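Below, in structure tokens: the form predicted on its own, a single chain.
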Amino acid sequence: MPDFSSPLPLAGKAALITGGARRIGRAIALDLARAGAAVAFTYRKSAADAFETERQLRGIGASSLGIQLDLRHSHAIHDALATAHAALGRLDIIVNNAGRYEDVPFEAISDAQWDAMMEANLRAPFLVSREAAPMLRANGGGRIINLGSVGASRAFPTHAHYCASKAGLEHLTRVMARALAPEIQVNAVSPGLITFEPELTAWERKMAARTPMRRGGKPEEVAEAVRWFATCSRFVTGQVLLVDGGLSLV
């Protein structure tokens, strides 16, 4: 159980966020750091974004480490987790945030596009979680939080490979919750439309209009949900929390 009497409920804990150099990943890294966690994050190519994330983490006094990582290779994942564990002294929280997204008509999806989507959104979280499990258990247990999507339950016709990958990840979350219990909790946060720029695209305006809350979400709102799973009761596992403004109800 987190220490709710402390203003920093994650003090003394260490988290690793995949794809943490930008957008939702950066928001999660900063939010967990503000809650007291030491933070490692991975990035694939965006070195400038990684530098900026580290700068912001240092600015709030957090111990931090950016690790360049290609999540397609299990040996590289093993090495990255070992590096994070050595640098931070422990690992308590894994956030499988890195992922892929694209809009392609169903009959135009190539074999390569299908495989790349599954590799990024389903295979990589599995590999990271499999490698992390022994490290989490070494501290008496831990938490794995996957980033799903409203697309896991909504049938978007131009996102077949994306929707299928996120549906698989949500079910993997439930399977992992059983397989890794009782030491490790596994849950998922599934966002709807999340916007990053003040000026919305035509597609974003359309989706915001369909959302009952009549707007897109903010990266910080997804991060708040991740932090809740990182600090909630030890009795919560195998759950999917939609952060979608009600879009899944439409």
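Note that the coordinates shown come from a computational prediction; the quantities given were computed from them, not determined experimentally. Note that residue numbering begins at 1 and tracks the sequence as displayed.
There is another form of this protein, the form predicted in complex with a small molecule, and it is not shown here; the text below is about that form.
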- Which one of 71, 93, 176, 84 is close to the small molecule in the predicted bound form, taking close to mean a heavy atom within 4.5 Å? 71
- May I ask you to choose, among 144, 80, 147, 136, the residue with a heavy atom within 4.5 Å of the small molecule in the predicted bound form? 147
- Query: in the predicted bound form, which of 176 to 184, 160 to 168, 136 to 144, 107 to 115 comes within 4.5 Å of the small molecule (heavy atoms)?
  - Reply: 160 to 168
- Message: Can you tell me if residue 120 lies within 4.5 angstroms of the small molecule in the predicted bound form, counting non-hydrogen atoms only?
- Response: yes
- Query: Is residue 10 close to the small molecule in the predicted bound form, meaning a heavy atom pair under 4.5 Å apart or at it?
  - Reply: no
- Answer for residue 132 alone: is it within 4.5 Å of the small molecule in the predicted bound form, judged on heavy atom distances? no
- Query: Going by a heavy atom distance of 4.5 Å, is residue 24 a contact of the small molecule in the predicted bound form?
  - Reply: yes
